[in-house]
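In the block that follows, a single chain appears as structure tokens, in the form predicted on its own.
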């Protein structure tokens, strides 16, 4: 490992911190979770071919499972052209495009991405992406507080529970009070009375259970409270739903992984954000604009940089300091290849497969939670005496077990109980044969 710090550099730092050694920096971290306190059985130095064999042996131990789960990360078909183009060396190795004259290719790609996200969301402007959907939602919360100057936010319990954890972490650090709006029969109680003024109402459409939310109640309450509306969406499913701008959204964000990015142990991900022209200067991260150069030719530049942390420092509207440019490029290629019609076909095929899965499971006695209309995901209720054997059998047959919703923290006591409820999903990638084989395992358990 290379490190540029000299012994003098380290001594200067330790003296400033008034500690004796580097180890003291890590004393708060339990030894059992520290990598430097474990014994590692690494092989001695190997040749390239020997190292590749070792890695292939490790790879062979992985289970290649057919997935029927979602909760924010989805197994969609990805055209070969997406990563054939996004994987080109000039994109993979490119750095931050601050020097516009040397970065026109990447800047134009990001500009096209922003334009597509703005069209998908129905908003005026989009940024060059942030880390993931959870970060995007947290940044939207900060935007709302910065605009309204009220440190209280109303958040639907229908928001992805993993996103809710990130929201709570950000809110605690900044001093934002979160009021959790309970789920009742699969729908958010937007009309719940809240004391004091609220900066924004935050919802997810569809919610994390897969159900379509009541957008009229969201719009009415948001307007009554003179608050901003923040909506987290699935960009694929948004093609068959009303655009959030039509029900009061001022900020639209979400996870862009479904737009051509493969699932891989929970990443890589792509958070997108879009907003109105009025809120544009509070949008975090980079924004690429189109202009003309001194010869009158079209050119692209990073614009509105005065709001960013490398200029405004601690007064910046956000301290997000990088964007997922390569993933944004992949999303741009994916959207370009499919177009509006293709994206809608992906959504409709996913919905059809999911409803076929629900229908087949219901036919063998599985309790489907049909509390409200669902699209690409739905909850099922599984008795405790069946779930253990079901999980083991599904894994042994090469399928992912359903997600246990009861394991997620509930921040709201009034929200519905999710004990014994599990989440299933089927995208357009799942074939009828795969769905039938998946259901056949359940049939054995429920026989």
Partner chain sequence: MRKLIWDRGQKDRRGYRIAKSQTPAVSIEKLLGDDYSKDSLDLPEVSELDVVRHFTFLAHHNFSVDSNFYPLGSCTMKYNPKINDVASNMAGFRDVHPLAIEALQGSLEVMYQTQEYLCKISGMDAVTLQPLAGAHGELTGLMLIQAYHRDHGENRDEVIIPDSAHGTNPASAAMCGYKVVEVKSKDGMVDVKELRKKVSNKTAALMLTNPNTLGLFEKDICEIEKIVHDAGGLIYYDGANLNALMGIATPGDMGFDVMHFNLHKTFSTPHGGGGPGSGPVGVKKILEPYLPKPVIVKKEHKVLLDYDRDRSIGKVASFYGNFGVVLRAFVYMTVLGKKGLEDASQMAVLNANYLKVLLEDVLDIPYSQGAMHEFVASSHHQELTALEIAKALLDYGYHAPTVYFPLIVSEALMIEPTETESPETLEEFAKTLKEILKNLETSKNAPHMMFIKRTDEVKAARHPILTRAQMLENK
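Just so we're on the same page, rigid core means the largest C-alpha set that superposes within 1.5 Å between forms. Just so you know, these numbers come straight off a predicted model, no measurement behind them. Residue numbers count along the first chain shown, from 1.
Only in words, not in the display: the form predicted in complex with its partner chain, which the text now covers.
Participant: Check each of 153, 159, 288, 228 and return the one that places a heavy atom within 4.5 angstroms of its partner chain in the model of the complex.
Facilitator: Selected residue: 288.
Participant: Please pick, from 218, 300, 180, 208, the one residue with any non-hydrogen atom lying within 4.5 angstroms of its partner chain in the model of the complex.
Facilitator: Looking at 218, 300, 180, 208 one by one, just 300 meets the 4.5 Å heavy-atom criterion.
Participant: Look at the stretches 191-199, 219-227, 361-369, 98-106 and give the one with heavy atoms within 4.5 Å of its partner chain in the model of the complex.
Facilitator: Contact criterion met by 98-106 only.
Participant: Just to confirm, residue 184 within 4.5 Å of its partner chain in the model of the complex by heavy atoms?
Facilitator: Although its partner chain is absent here, residue 184 would stay clear of it in the model of the complex, with no heavy atoms inside 4.5 Å.
Participant: Applying a 4.5 Å heavy atom distance criterion, does residue 403 contact its partner chain in the model of the complex?
Facilitator: The answer is yes: residue 403 has a heavy atom within 4.5 Å of its partner chain.
Participant: Under a 4.5 Å heavy atom criterion, is residue 46 part of the interface with its partner chain in the model of the complex?
Facilitator: Taking the distances in the model of the complex, the answer for residue 46 is yes, it comes within 4.5 Å of its partner chain.
Participant: Does the 4.5 Å heavy atom contact test between residue 413 and its partner chain in the model of the complex come out positive?
Facilitator: Answer no; every heavy atom of residue 413 is more than 4.5 Å from its partner chain in the model of the complex.
Participant: Using a 4.5 Å heavy atom cutoff, which residues in 22-41 contact its partner chain in the model of the complex? It's fine if the answer is none.
Facilitator: Heavy-atom contacts to its partner chain in the model of the complex: 22, 25, 26, 28, 29, 30, 32, 33, 34, 35, 37, 38, 40, 41.
Participant: For residue 50, decide whether the Cα shift between the shown form and the other one is 2 Å or greater, given a superposition on the rigid core.
Facilitator: True for residue 50: a C-alpha shift of 2 Å or more.
Participant: Could you check whether the CA atom of residue 16 moves 2 Å or more between the shown form and the other one, using the rigid core for the fit?
Facilitator: Comparing the forms between the shown form and the other one, which are aligned on their rigid core, residue 16 does shift its C-alpha by 2 Å or more.
Participant: Cα of residue 396 displaced 2 Å or more between the shown form and the other one, core superposed?
Facilitator: It does not, since the residue 396 C-alpha is displaced less than 2 Å between the shown form and the other one after the core fit.
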